[in-house]
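Below you'll find only one chain, the form predicted on its own, shown as structure tokens.
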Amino acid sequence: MKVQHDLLKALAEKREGNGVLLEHEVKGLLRGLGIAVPEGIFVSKVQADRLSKLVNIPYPLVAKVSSSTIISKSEVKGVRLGIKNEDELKKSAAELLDLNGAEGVLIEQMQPKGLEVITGGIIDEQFGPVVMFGLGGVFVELFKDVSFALAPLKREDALWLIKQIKGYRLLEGYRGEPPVDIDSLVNILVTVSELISSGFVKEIDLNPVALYPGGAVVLDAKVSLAP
């Protein structure tokens, strides 16, 4: 198994009993496991006055509030998209750091539009580690087009899981759109299955993941560690 148990244990100790990792911690973990995430930097509250010196990422940027207590960033208006210059970045960071529970702000490079999917894993009381996959956006909100499988997954299991959703044709290329990189998506699902089977993770949520003809990037990620 490629999941880094030592790193997961270190992250758990760092959170000192609060099992919710911050987004940059999750993405650092994923990057170490070979999963693509946007270039970014976490700026804590105490570093906020050095924001301009710390951020050296090409515009446009995304800024997100980082907090282990905020469940939904969108519900607290905790995301700023399309930041075009330093003035907009400073204003966005100040607004986000002023939110209740803010521990810092994650600043990332904007990614091109891709086909959005979601995946995650939970520890089910009856079945144990389970992996979920589905299309993102309205497909999951309105149509619940998702599939489930027991973890851990082999690559052929992950491919089977991907093909179970009704919208699979969109991934193959539909109405002139090119097919997405299924191999990269399989890598992500196998990694999610290994994390949720590791014994260190209680819940993982990658939503959304942007798929492209060449590659896939995890745009948002949450992990709760096991007690």
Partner chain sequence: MLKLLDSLFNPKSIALIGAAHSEKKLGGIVLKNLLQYKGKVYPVNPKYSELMGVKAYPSVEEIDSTIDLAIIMRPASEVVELLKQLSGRTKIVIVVTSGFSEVGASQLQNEVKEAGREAGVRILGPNCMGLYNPYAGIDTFFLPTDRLLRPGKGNVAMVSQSGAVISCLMSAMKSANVGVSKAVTYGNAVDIDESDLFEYLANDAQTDVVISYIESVGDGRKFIDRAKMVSKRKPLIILKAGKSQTGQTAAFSHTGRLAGRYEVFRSILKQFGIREAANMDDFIDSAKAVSYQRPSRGSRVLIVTNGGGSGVLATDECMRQEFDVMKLPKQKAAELREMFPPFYGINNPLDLTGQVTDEDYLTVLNKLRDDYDGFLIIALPNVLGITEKLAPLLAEFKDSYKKPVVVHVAESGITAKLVALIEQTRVPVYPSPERAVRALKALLD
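Numbering follows the first chain given and starts at 1. Since the model is a prediction, treat every value here as computed from it, not as a measurement.
Note that the form predicted together with the partner chain isn't included here; everything after this is about it.
Checklist entry - Does the partner chain come within 4.5 Å of a heavy atom in each of Gln126, Leu153 and Ile204 in the model of the complex? => result Judged in the model of the complex, Gln126, Leu153 and Ile204 all sit within 4.5 Å of the partner chain.
Next on the checklist: The chain here is shown without the partner chain. Which stretch in 96 to 104, 145 to 153, 79 to 87, 109 to 117 comes within 4.5 angstroms of it in the model of the complex, by heavy atom distance?
Outcome noted: Looking at the partner contacts, the answer comes out as 145 to 153.
Checklist entry - Does Tyr59 make contact with the partner chain in the model of the complex, using a 4.5 Å heavy atom cut-off? => result Tyr59: no, not in contact with the partner chain in the model of the complex.
Checklist entry - Applying a 4.5 Å heavy atom distance criterion, does Tyr174 contact the partner chain in the model of the complex? => result Taking the distances in the model of the complex, the answer for Tyr174 is no, it never comes within 4.5 Å of the partner chain.
Checklist entry - Looking in the model of the complex, any heavy atom of Ser44 within 4.5 Å of the partner chain? => result Result no; Ser44 lies far from the partner chain in the model of the complex.
Next on the checklist: I'd like to know if Val20 sits close to the partner chain in the model of the complex, meaning any non-hydrogen atom pair within 4.5 angstroms.
Outcome noted: Yes, Val20 is a contact residue.
Checklist entry - Even though the chain is shown alone, can you say which residues of 67 to 85 have a heavy atom within 4.5 Å of the partner chain in the model of the complex? => result Heavy-atom contacts to the partner chain in the model of the complex: only Ile71.
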